[in-house]
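In the form predicted on its own, a lone chain appears below as C-alpha cells.
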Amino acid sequence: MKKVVILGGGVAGTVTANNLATKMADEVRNGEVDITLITDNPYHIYEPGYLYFIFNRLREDELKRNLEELLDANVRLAIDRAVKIDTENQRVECESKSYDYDYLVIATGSRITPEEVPGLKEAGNWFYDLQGSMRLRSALTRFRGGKIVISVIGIPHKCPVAPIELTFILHDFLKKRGLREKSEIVYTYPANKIFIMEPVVEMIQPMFDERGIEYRTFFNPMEIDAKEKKIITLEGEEESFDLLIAIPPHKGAEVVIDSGLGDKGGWIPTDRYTLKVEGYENIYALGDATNIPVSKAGSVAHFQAEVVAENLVADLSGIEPTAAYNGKTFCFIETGWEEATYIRFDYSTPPKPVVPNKLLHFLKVAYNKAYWLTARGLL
C-alpha cells in the first residue's frame, strides 16, 4: 500500500485531498492507496471572510465548517498537531502518534507573528484570525471619528490585496455612518509604491486620491508606542493614530521551521512549476507554505492543488508526472461597499484590472457562499 500524507487542513490541503481521493477512488477502495490529512484544527476556515466579518457582513458560523464534512469519504482525517517532519525516515511526528508516508504534501500555510513588532499586540488590531477580527469588529463599532492607520507590516502576507479592500470598504463604512468627515484614513506600505504590482497601483492610487485616503510608502514599522498611540518606523518617521489596523508580519509554520525545511522566514524552497520541495522527489509543497514568488492567496492554493493531485496520481501509478503550475492567480478586489474589480495573471501574463462595477462585487459576495464547493473540490 502506498501512503500519502497531506499536512494542513486549509484550502490547499483540503482541495488536494479531495481531488486525489476522487481520482484514486478505486485504488483507495482496493487498499492500494491510503490518503491521510493531518491538521490540528477540526474546522476548515474561510479566511477571506474575515474582511466581511469585521463589518458584520458575514457571521462567524458562515466562516467555518467541520472538516470531516468537507472531506471525501476516501480521506482519513487525523486531528493532531505535527511537531516534526522526518524526511530521512519518511515520517510525520505528531503529538499523539507518528504517520509514515511514501508521498508527503505540505500545505501548512502561513501564520501571523504580531509579537515580532513591540507594542503591536497591545495597541494594534488585525483581521487575519478570528480573535483579531472579533476585536477589530468591536473597535470599528465603537469608533466615532479620528485617525485610522492601515499599516502593512512586511511582505509577504496572506491575500495581498486585502489591505486595499479594507481601506475602500472602511471609507464607505464611515461614510454611511456619517463619520467620514470626522475621520482620517492613512494607508501605509513598506515598498516604494502602494502595492507591488504596477497595474494595480495605476488603478488604485487615483481612487485613493479621489476619496481623500492618504498613503505613505517606504513605511516600515519598527515599534508601536501603545501609550502615545504612534508608530515608529525604521526610516525614522512617526505616525500617530486613534485606531491602528495592522497587517502583521507573517511566517511559515512552526513545524516547517523546526524540521529545517524552510528558509529564514519559514517558507519552503519549492519548484515553481512541479511544486516539489527542492531536493525531494516525494514531497510536494503548495499554497502559502512555499517560497514561490506568487500571491499567498486562496486561488493560488486552489490552482496548485489541482496540479499536485494530478502529479500524485502519476506518481502512484508509476508514471512520470508532467502537470505544471503556471503561476495562475485570480483575485477579486473590493473597491467599496458595492463595487469590485479583479486581477488575473500568471508567470507570463501581467495583471490588467478591469473597471470596478457592481456585478463583480455581487459575484464576489456570491462566491463567499459558494466557497464550500471549492473546498470539496467541486468548483
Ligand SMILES: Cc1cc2nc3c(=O)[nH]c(=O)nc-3n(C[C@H](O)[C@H](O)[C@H](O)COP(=O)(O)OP(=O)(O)OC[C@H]3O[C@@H](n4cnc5c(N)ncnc54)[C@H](O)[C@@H]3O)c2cc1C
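Treat the numbers as computed from the prediction; the structure is a model and nothing was measured. Residue numbers run from 1 along the displayed sequence.
Another form exists, predicted in complex with the ligand; not displayed. Remarks below refer to it.
A heavy atom within 4.5 Å of the ligand in the model of the complex is found for one listed residue only; from I194, V117, L174, C159, this is C159. With the partner omitted here, the residue from F143, Y128, Y99, F219 that has a non-hydrogen atom within 4.5 angstroms of the ligand in the model of the complex is Y128. Stretch 77-85 is the answer when you ask which of 264-272, 77-85, 221-229, 183-191 has residues with heavy atoms within 4.5 Å of the ligand in the model of the complex. Using a 4.5 Å cutoff between non-hydrogen atoms, E47 counts as a contact of the ligand in the model of the complex. The ligand is not shown here, and in the model of the complex it never comes within 4.5 Å of any heavy atom of I169.
Within this chain, A301 lines the site of the ligand in the model of the complex, having a heavy atom no more than 4.5 Å away. The ligand in the model of the complex comes within 4.5 Å of a heavy atom belonging to T39.
For the partner-free chain shown, just K364 of 344-371 comes within 4.5 angstroms of the ligand in the model of the complex, judged by any non-hydrogen atom.
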